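We've got the same protein chain twice here, in two forms, each standing alone as structure tokens: structure 1 and structure 2.
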Structure 1
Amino acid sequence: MKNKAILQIDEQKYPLPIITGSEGEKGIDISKLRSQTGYVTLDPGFANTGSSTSNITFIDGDKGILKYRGYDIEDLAANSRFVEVAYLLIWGELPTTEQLRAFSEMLTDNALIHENLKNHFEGFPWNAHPMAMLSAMINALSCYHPELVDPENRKEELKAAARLMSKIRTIAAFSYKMSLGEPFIYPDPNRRYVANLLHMMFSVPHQRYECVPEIAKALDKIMMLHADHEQNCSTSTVRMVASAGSNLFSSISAGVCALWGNLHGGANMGVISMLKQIHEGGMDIKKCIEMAKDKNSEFRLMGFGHRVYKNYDPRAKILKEQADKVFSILKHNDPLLDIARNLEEAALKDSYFQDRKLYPNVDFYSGLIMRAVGIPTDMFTVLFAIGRLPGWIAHWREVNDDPNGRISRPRQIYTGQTQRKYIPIEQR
């Protein structure tokens, strides 16, 4: 039978349609499986499950290919800026000069946050994690823009996207200032996206932070390279929340929480703490590799391995070059960079990592660049979130635009207690 997979359960055969993506990826459509057979599939971690079709991002993990809307990530990184790529992801096409200018203006016009929203920061303790504040403040933002969360009001989406992209940056910088106990620095309309973020983070009332253009470029690349990565944990979270009909702000707030986890966006912080641990403990690289391989040890090589890439993560390649550039511009001598390089070299030669196809991922070098720029470790994942926002918005729109969309509601195989007789509390 052409274009069908055959599933046999006992004597009964069930033809299942095969669907082919535009890049030739093949999937077996099991959407009618339960109604036809009474069975569900079991796939912990969804490693073999396509939750939807999507036309935003393509990854070939075996070949190390990443494309946004059909454009190679290498081309975009060499020629575009984060804001331009954000537009591409959200609206599907690279902007014309006029469209980019209009979008950039919207970003500038929406950079301030409502003064009352600013007061919410005072409710957090000074040592609150910026990811907790970011998630809470994004959700709170919806209260200040009720017109943008009306599901019938889709024509306001461009404004909502620009608002969110601009304000997330202000919220991020304010949460950093809060942790320092320093006054908030308002956005500067004359600075570009990344330079403005650095200004709000590092300027103080008596001294404006002057950004080295090459540093802003490197951070712009970090954001662009993080901008989307198809159905990763946080994006799947955004899509799942969106599928319930939740508004853009609440869906993205949930995505921020998912990103916070140390196996996901939090890994960039994990890389630095691992490198510090090695440095401060004077640990031997060989020993670290052995520990990472030892299943009885808690130690994992952070910044290594990926669910999808079974080849060098193309984003890590670009960031490795950027790390070299930034370190030479800043004349920065960070012993952690040498440790990272040695660790990478040793792991790539080791059969454990070779056999499992474990390569450096995007987080391996991004943290070192941010650290060189003076961004504190706690803020790394926040910068990842700012970068990932356009992807989340694009996926939220895709879910809402899908005429066949259904609420996400996975099944399970129940393995708990079967029928039990209720025991009154005094008899337990």
Structure 2
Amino acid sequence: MKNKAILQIDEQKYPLPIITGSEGEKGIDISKLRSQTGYVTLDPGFANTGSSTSNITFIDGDKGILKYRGYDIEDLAANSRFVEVAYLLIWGELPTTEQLRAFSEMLTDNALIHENLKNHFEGFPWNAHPMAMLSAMINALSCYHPELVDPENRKEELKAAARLMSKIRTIAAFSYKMSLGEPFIYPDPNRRYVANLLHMMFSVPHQRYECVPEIAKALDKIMMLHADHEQNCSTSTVRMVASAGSNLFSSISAGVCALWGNLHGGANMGVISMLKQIHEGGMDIKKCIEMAKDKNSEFRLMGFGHRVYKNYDPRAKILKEQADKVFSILKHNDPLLDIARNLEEAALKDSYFQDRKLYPNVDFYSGLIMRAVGIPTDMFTVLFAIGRLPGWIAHWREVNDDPNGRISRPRQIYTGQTQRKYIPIEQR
């Protein structure tokens, strides 16, 4: 049967439609499987399950390809900036000069947060994790902009996107300042997106932080390369929460919580921790490689391999170049960078890693760049969240624009106790 897959259960055959994506990806539509057969599929981790169709991002992990709205990530990284790419992801097209100017002005105009929101920070202990504060403050932000909370108010989406993108920097910077016990630094309308974030983080009342252009460019690249990555854990979380009819703020807050996980947004922190372990322990690189290959060893080589990419992560190639530039400009002789380079060289020459296609991923260099800039490891995931925000907004819009959308409600295979009779407490 053409364009159909055949599922056979016992003697009964069921035709299932084959869906072909615009880049040739093929999937089997099982949306009516349970109603037709009484069966469901079981796919722990959803490694082989498409939860939706999407026109935002395309990944070919075998070939090392990443595209935003049809544009190669290498092309965007070479010619564009984070704010422009954010517009592309959210609205589907690269902006005109006037559209980009208007969007940039909205980011500038909405950088301040309500003064009462500053009181919320006082409710956190000084050592609170910045991701906890970020998630809570995004939800609190919705209380001050009720006109943007209604999912049916589609006319306000551009304003809501700009406000979130702008204010998330201010919230992040204030969280960092609170951890240091330093006064909050207000946004500077004369600075661009990334430079303004660094200004709020590193300026103090008696001395303004002057951002080196190449530093801002490197962080801009990090945010751009993290702006979307298909149906990862946090993005899928945003989509699931959005499917319930939840507003943009609550959906993004949920995405922040998912990103906070060590297996997701915390991976670049793991790379720095590993490099410190190697440096402080005076460990030999060859020995590290051997331990990484030993299943009985507790040593793990962080920053290599990827759930999706079975080739060199295209984002890692771009960030490797940025890392070289940043360290050259800062004259920063970080021993961790030398260790990272030696590890990469040794791993790429080793047949164990070659056969398993374990290449450096984007986390391998992003943490090194942020460490060189002076960003503490607890803030790494926060910057990841700022970068990922445009993708989350784009997916939230896609869910709400789907006329056939349904609330996400996965099935399960129950493996618990079968029928049991209640036992009175005195007989237990």
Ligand code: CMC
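The structure displayed is predicted, hence computed values, not measured ones. Whichever C-alpha set is largest while still superposing within 1.5 Å between the two forms counts as the rigid core. Reference numbering: structure 1, starting with residue 1.
A.B. asks: Can you spot the form predicted on its own among structures 1 and 2?
C.D. replies: Answer to the question: structure 2 is the form predicted on its own, whereas structure 1 comes from elsewhere.
A.B. asks: After superposition on the rigid core, does the Cα atom of T97 shift by at least 2 Å between structures 1 and 2?
C.D. replies: No, shifts by less than 2 Å.
A.B. asks: So, does E290 move by 2 Å or more at the CA between structures 1 and 2, with the core held fixed?
C.D. replies: Yes, because once the rigid core is superposed, the C-alpha of E290 moves 2 Å or more between structures 1 and 2.
A.B. asks: Under a superposition restricted to the rigid core, does R356 display a Cα displacement of 2 angstroms or more between structures 1 and 2?
C.D. replies: R356 C-alpha, core-superposed: shift of 2 Å or more.
A.B. asks: If the core is used for the superposition, what shift in Å does the C-alpha of F299 show between structures 1 and 2?
C.D. replies: In the core superposition between structures 1 and 2, the C-alpha of F299 moves 3.7 Å.
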